[in-house]
Structure formats: structure tokens, C-alpha cells
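So here's one chain in two forms, each on its own in C-alpha cells, numbered structure 1 and structure 2.
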Structure 1
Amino acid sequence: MNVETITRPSLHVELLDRLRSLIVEGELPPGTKIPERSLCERYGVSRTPMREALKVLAVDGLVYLEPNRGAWVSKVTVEELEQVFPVMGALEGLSGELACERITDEEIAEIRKIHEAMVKHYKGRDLVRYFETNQAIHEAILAAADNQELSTMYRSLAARVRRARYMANMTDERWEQAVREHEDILEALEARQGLKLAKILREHLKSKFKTVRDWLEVQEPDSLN
């Protein structure tokens, strides 16, 4: 087995990021037991940092821990997401409003570049790269809001939203709509129209939730929850 060694100074953060990605992107599917031993070997770490990372992911809602049975990937339910998405929408809206008050011309120019890359991936039907650039835009808006408390709350929910989004099949119609919504997001940001951007971001999350909910509701009853 190849060892994907993590450097010691950033071990905790990097290990968290890698485990989170395994869950969000579906390599560790909902309801499965997390293979702690093989993951320790894969990343060249001991059981102690692995278990500490799993505790953090449990707080984030991606993992649940069972005494004497180990860690399991949390299941995904419509009921859970009905609570998560509105809160995330409110946080997205606030980040947009604050960003419009504080963002620099240079930050807007960088977000436009990311947006253009996202559109390129959309036209190339590269869903993985599209998701990466899409998320980078939201992260850049959050960074421009420059509010640490908001960032902390946002990131505590972001992985759960991203995981649900990765899992759901996105129709061509919904994909096209999402790109149009991002055009509106960029336009409002460039005009520094905070209230308008906040509304667009909240509606954007509602649309994402509809896509996820519709997909979940047609799955086998016991496949995810």
C-alpha cells in the first residue's frame, strides 16, 4: 500500500481535510464503518490523531461514534437537510451582505476569474471541477466578509451541504439554472448590492436543496437513512 505521508506540523488539519473529502466525495459512503486501521496505514499516522480527527468530524455531523464499535459515516436524511439548508442559506446570505461592504476590487476580479473557470468546466461537462470552482466562489465571498465567527459557523455546516450536493444527480436543466444563478451572484457582488446578493444566495441554497431532496426521495427507503 502506498503511504500518503502527512507532514507533522499540519497533521491535524491535513488529516481532517483528507477524511472530510473521503466522506463528502463518497469514497466513504453513508452508513459504512470507517476503516481506521487501513486509513492510519494510508496516511502514515497513529491511531491517536486518527481518533481525534474522527471526534471533530462527529461534531460536524459527518461521523457518529459507537462505544466499542468504532466510527461510522453518518447517514443522510431529508429531515436532517431540511434543518441544515435553511441555516446554511442564512449564513450564505449574511456572508454576501458583509462581503459587499468590505470586498476589494482585487477580490472581485479574482472571483470573476474563478467564475469564468467554473463556466468553462460547465461547458466541458466536468462536474468534479465545476463543483471545486463553485465552492471556491462561495469560500471567496465568505473570506471577503471578514468575520471569523461567521466563518466558523459556516464551515461547521458546509461539509454536510457539500456531501449532499455531491450525492445528488444534477439534471442538465438544474445545472444550467445554477450557472445562471452564479451570473446573478457575480453581478450583485460587482455592484456591491448587499441585500440583493443576500437574497440571491439564499434562493441559490433553496434550489440546491430542492435538487438534493428530489434525488433522496427516489432512492431506496433504506439506502441512505
Structure 2
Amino acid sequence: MNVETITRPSLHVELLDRLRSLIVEGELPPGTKIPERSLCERYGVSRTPMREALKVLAVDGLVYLEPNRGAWVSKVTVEELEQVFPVMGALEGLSGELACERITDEEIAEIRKIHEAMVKHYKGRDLVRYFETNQAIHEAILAAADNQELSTMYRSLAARVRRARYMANMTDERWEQAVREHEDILEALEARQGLKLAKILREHLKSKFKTVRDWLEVQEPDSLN
């Protein structure tokens, strides 16, 4: 009897991952037209699995489909993020609460380490590494919450937010504030104060939204769609 069955993922799943990165990492910027044929050639697949992947990404909110007209990388608008951020706040708050209930001392120590690294990158003004470690902290809290449904939903929203390259817009003042908030996050986590952590995380997201909004209002003066 075979226990260790090998299940090669189907093409559309593979494409899903790759397209998602392309979009989230900004290689395909918001508003870009996605012509099926050229993307298919790029990955050497036929249109069938490509179209399947695009349909999933459309439900995910990363792609915008117009019947008979094709697919675009969906834009990141202030109006959209105004709605996304409160939802993310609720989810990340829950993430903090659940994490405090379940997290082990070892996991906390691990997060503390990432936190210290993040502070180091802040002091060295290394924006890219700061962003990476920052994200790693939120991911670690999410992991500690140990809720797959929560993770999936949170990541889906986080991906959409990440496309706004707002980091470049962070003033020194806001950056400092973000780090301060992260100190509070660690503190609440180490004390396992779930409700407090939830509240801090929600507040943290609110100030993040301010940064993103300012950035978007510069980038996207008007424009429809």
C-alpha cells in the first residue's frame, strides 16, 4: 500500500502562484493589461490553465476581468483600501488574540529575535530588510494563532495592500512611530495580553493606512476603474 502518494500540482495552481508573485511583487503593475497569449508564451502553457488561474485571481481581487475584453491587473485605489484596512484590522486583531492564547515561550523568543533584527534595519535605514522583517513578525503571529482560515483571508488582503508601494513614502516620523508600535506589540505578546495586543494591532494598521493613503493620493491623482 502506497502511503506517500506523489501529487504533482496541476498547471493552473503553478500558474496561480507565479502570477500572484508577479502582481504582488509589482512586476506587473496595477492597471497593466494582461494579454493571455503573451503570458502563455512566457510560461509555455496553453490558454486553458492560464485562464483558469486568471479566474481565480479575479475572485481574489488581484485581477480585473471584463467579459470579452480580457484581464487587467486590478488597480489599488484609496476607496478599496479604505474598505480593506478595517477588515484586515479585525483579522489581525483576532490573530493577536488567538496567538496570545496558544503561543509558546520559544515562539515568542523567536519573534523577539526578528523584532531586534527589524530594529537594527530601522536604525540602518535599510527599508527593504525592514519591510521583510516587519512582515515576518506579522506572519509569525499569524502562524502562532494557528488558524488556517484566518491565515488565508489575512494573506489575501495583505497581498492586495502590499501592492501599494507605500514604504517609499514613509517619513522618518512615521517610521519611528511604526517601530514604537512594534515595541508595544512585542510587549503585549510577551505578557500574553490578547485583547491589548488586538487593539494595538488594529491601531498599528490604522497608522499604516494613513501612510498608504498619502502615498496613493500622490500616485493616483484621479483615474477611474
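Under this definition, the rigid core comprises the largest set of C-alpha atoms superposing within 1.5 Å between the forms. In this text the structure is predicted, and so the values were computed from the model without any measurement. For residue numbers, the reference is structure 1: its sequence is counted from 1.
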remark   = Students should recognise the form predicted on its own as structure 1
inquiry  = For a quick test of reading the superposition: does R192 move by 2 Å or more at the CA between structure 1 and structure 2, rigid core aligned?
reply    = no
ask   = Has the Cα of E203 moved 2 Å or more between structure 1 and structure 2, judged after a core fit?
value = no
inquiry  = Following rigid core alignment, is the displacement of the L94 C-alpha between structure 1 and structure 2 equal to or greater than 2 angstroms?
reply    = no
ask   = Aligning on the rigid core, what is the distance the CA of S46 moves between structure 1 and structure 2, in angstrom?
value = 7.1
